[in-house]
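The form predicted on its own is given below as one chain in structure tokens.
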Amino acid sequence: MPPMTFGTDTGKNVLVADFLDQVEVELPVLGDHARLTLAQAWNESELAPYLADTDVMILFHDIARISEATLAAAPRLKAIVRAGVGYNNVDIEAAGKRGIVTCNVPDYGSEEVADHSIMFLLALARQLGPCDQSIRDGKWDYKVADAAPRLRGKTIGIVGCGRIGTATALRAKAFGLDVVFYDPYLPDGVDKALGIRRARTLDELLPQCQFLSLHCYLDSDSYHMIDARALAALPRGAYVINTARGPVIKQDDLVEALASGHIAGAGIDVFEREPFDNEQLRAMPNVFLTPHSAFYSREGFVELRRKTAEEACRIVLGQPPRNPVNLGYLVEPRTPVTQPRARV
């Protein structure tokens, strides 16, 4: 399929690497300042014809990885703007060493993911699955919900208290839940600002939690953080919710914990392998599954695309980006950047 191009030929080129097949959101933001090209690629090798002339790359999620080889073939590339929160599909260290800023859009789906997490919590606690199935089976007996706990006073543990974790914590407080979080990267005082409790280690957090909700980034520290040992540390009958990244949980260990009854149920939006392919987990009646859709709302998706285009536009115009994620690796940046100020 030949590429589609839009916008004004100003000598600046923005390459939308994957996913999009139209630009009704992006064009009003970028169209007067750059030429937009939609590559609609599925792997990075398909980007080769465009790299020599690309100034900014917008990247969604269809391409699994932007590697050193692709970066080396893009002499004009100033920045990659990842249209999403996570940026695991960019080699940010290699980009930084070449002066290429990598940015993300960290806030577009915060409300949606927090809402989704609370949806899972309520559905699990209020026994929505068994109640719904009982009615569909022609039965009528409130005792099908006899495992439902009262939420007020129960403890929810939040792993990762960034934007989404914070939004989830505030929602959980409204239901009277005791909120405690673990996040080794946050400065002291966040617990005081939010009116919640803080655990200094995962081992301190887990034994307290009737509900565990994951909101951390996926990296070498969080990969398989929730494994058999961690699951065993939760109280028997606890519920696990994951709207973060699939590999934060060791999926086979979760299946075993659910099958044994130690974990009473789970709400899972993200999986180790996507599309989801675990038939044992699929068949479990005490599990709610959604197709990596927690981020999505119609309004949120438009916001994502608009904010992505705005970040790309800032770079095209020679302005510092708002959300760089690889400043620690950045050497002789090809575009202006502003170092973050210390938090107070």
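For every residue, the number given is its place in the sequence shown, counted from 1. Because the structure is predicted, anything quoted here is derived from the model rather than measured.
The discussion below concerns the form predicted in complex with a small molecule, not included here.
Contact annotation: residue 175 falls outside 4.5 Å of the small molecule in the model of the complex, judged by heavy atom distances. In the model of the complex, the small molecule lies within 4.5 Å of some heavy atom of residue 183.
With a 4.5 Å cutoff on heavy atoms, residue 157 does not count as touching the small molecule in the model of the complex; it lies far away. Looking at residue 222, you'd find a heavy atom of it within 4.5 angstroms of the small molecule in the model of the complex. Contact check at 4.5 Å (heavy atoms) against the small molecule in the model of the complex: all three of 215, 245 and 270 pass. Of the listed positions (295, 60, 288, 50), a single one reaches within 4.5 angstroms of the small molecule by any non-hydrogen atom in the model of the complex, namely 295.
Checked against the small molecule in the model of the complex, the candidates 149, 130, 86, 99 yield a single residue with a heavy atom inside 4.5 Å, and that residue is 86. Contact with the small molecule, judged by heavy atoms within 4.5 Å in the model of the complex, is confined among 226 to 234, 72 to 80, 131 to 139, 101 to 109 to 101 to 109.
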